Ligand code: HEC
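Shown here is one chain on its own, the form predicted alone, set out as structure tokens.
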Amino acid sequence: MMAACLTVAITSCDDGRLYEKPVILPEEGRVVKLTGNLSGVGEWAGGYSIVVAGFADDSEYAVISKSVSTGADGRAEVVLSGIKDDVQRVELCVINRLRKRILTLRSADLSVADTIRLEVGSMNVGMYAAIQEQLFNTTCTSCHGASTFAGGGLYLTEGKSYDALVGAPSQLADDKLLVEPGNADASVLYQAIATRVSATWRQDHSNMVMNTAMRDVVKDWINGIKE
């Protein structure tokens, strides 16, 4: 059982002054302890936070959350306590200002114990790393570089995608860049997943990325790139 400190005032019988004395009261609920070596925590655009959060049922909004920070060595140790029974899952995730889940990085079921140890190992949780893992790796690389073929000559595999996109000219849209730093609306990558600009290409890419939260992440990442 965790404990929380509350401060109460008591009166001294000798001089009439008030003194503060800590009183220990029990704090109910379950506990999650996250440990790991995390890089990229500070790379997210404003409005996003990397947190340990608890979610109830199928809700996308965190019931309880705690921000993740790291030491100089990248070590993260986060204790989220006071988790009520209505929370079924806990996640290392990205939320927005409304506490809505944007991306899940790791998760655990809370039904197995009152204290859960979420050991995530070494992870890059930066904004671009999340796009690579949860968009390019899952949706794009089958056509863009995972085999010997890369559609449009564009490799979106890990280690190649950033240089292939940022500041690179498009082969399908004349006089446009795949990613124009600071300008998502003019970037072919964002246009391809958010509009019907690719409807006449070999593949309509807007049908491939239906997750509007991921589209927003891509847009905010591009707008945050400094030239």
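Don't overthink the numbering: it's just position in the shown sequence, from 1. What you are looking at is a predicted structure, and each value in this text was computed from that prediction instead of being measured.
Below, we turn to the form predicted together with this ligand, even though it does not appear here.
*Asks:* Only one of T70, S49, S170, S65 gets a heavy atom within 4.5 Å of this ligand in the predicted bound form. Which one?
*Replies:* Exactly one residue meets the criterion: S170.
*Asks:* Tell me, out of V90, C140, C93, A130, which residue has a non-hydrogen atom within 4.5 angstroms of this ligand in the predicted bound form.
*Replies:* Of V90, C140, C93, A130, the residue with a heavy atom within 4.5 Å of this ligand in the predicted bound form is C140.
*Asks:* Tell me which stretch of 82 to 90, 130 to 138, 108 to 116, 95 to 103 has a heavy atom within 4.5 angstroms of this ligand in the predicted bound form.
*Replies:* Every other range fails; the passing one is 130 to 138.
*Asks:* Just to confirm, N211 within 4.5 Å of this ligand in the predicted bound form by heavy atoms?
*Replies:* Looking in the predicted bound form, residue contacts with this ligand do not include N211, since no heavy atom lies within 4.5 Å.
*Asks:* Report whether the minimum heavy atom distance between L38 and this ligand in the predicted bound form is within 4.5 Å.
*Replies:* No, L38 stays farther than 4.5 Å from this ligand in the predicted bound form.
*Asks:* Could you confirm whether V125 comes within 4.5 Å of this ligand in the predicted bound form, counting heavy atoms only?
*Replies:* Result no; V125 lies far from this ligand in the predicted bound form.
*Asks:* Might V78 be said to contact this ligand in the predicted bound form, defining contact as any heavy atom within 4.5 Å?
*Replies:* Looking in the predicted bound form, residue contacts with this ligand do not include V78, since no heavy atom lies within 4.5 Å.
*Asks:* Heavy atom within 4.5 Å of this ligand in the predicted bound form: which residues of 38 to 71 qualify?
*Replies:* Nothing in this stretch is in contact.
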